[in-house]
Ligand SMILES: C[S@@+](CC[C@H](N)C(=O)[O-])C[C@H]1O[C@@H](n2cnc3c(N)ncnc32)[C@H](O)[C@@H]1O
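Only one chain is given next, in structure tokens, and it is the form predicted alone.
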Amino acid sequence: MSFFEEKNPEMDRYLEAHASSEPEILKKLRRETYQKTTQPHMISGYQQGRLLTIISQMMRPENILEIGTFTGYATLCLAAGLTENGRITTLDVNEDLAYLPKKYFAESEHSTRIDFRLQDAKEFLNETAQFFDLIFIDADKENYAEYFRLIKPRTKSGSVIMFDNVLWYGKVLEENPKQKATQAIKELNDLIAKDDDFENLILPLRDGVNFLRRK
């Protein structure tokens, strides 16, 4: 089912019933996210979380970067595939919500490999000299194109980048969008499509994931 079709709860239940089970810590985190936050739909959620875990486990990355921690659901999914000495750096600027991911990171078996920072992503990318094997971005849409420009120099051959929400509830089909977020996402998708250093595919999972691999 593509993002713009009418939501089908029965299909969602079928998809979840025929996928790997959700770890207990993620069930608890998902439940508390819906209880404690005003925008719980921002969580990656079950199906996307399983995708992130499988990709990470297939790649066995040493260095992961996540921009947009929210409550940490995607962070824990991505951390599941880290090498023994691997590390995931996850960035957010929401100090009021930081207690929630910190709580679950501390409970997780991956706690020593998670570097949670309350830091602006553009600032971090301008300062770091690190290269990343796997990058997941689910943050402020207005900066998506700028994130891509800053992230590219921090990738190498085989690096994978995933941008979430790149279909933006179907608004990317608007010819002259007025919303800045829509404009930025369209700019990002155009930049990626024209960049010969990457091969990519937009997956119509939930609100769309632009999946890139550096050649």
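From 1 onward, residues are counted along the sequence shown. This structure is a prediction, so every number in the text was calculated from the model and none was measured.
The form predicted together with this ligand is left out here; the points below concern that form.
Contact with this ligand in the predicted bound form, defined as a heavy atom within 4.5 Å, holds for exactly one of S159, S44, N189, S56, namely S44. The single contact residue among I114, A74, L82, I135, judged by any heavy atom lying within 4.5 Å of this ligand in the predicted bound form, is A74. Against this ligand in the predicted bound form, the set F163, I185 and I202 makes no contact: no member has a heavy atom within 4.5 Å. Although the partner is absent here, T128 is not a contact residue: none of its heavy atoms lies within 4.5 angstroms of this ligand in the predicted bound form. In the predicted bound form, no heavy atom of L100 sits within 4.5 Å of this ligand. L26 falls outside the set of residues with a heavy atom inside 4.5 Å of this ligand in the predicted bound form. Contact check for F148: no non-hydrogen atom falls within 4.5 Å of this ligand in the predicted bound form. Interface residues of 119-138, taken as those with a heavy atom within 4.5 Å of this ligand in the predicted bound form (partner not displayed): Q119, D120, A121, F136, D138, in sequence order.
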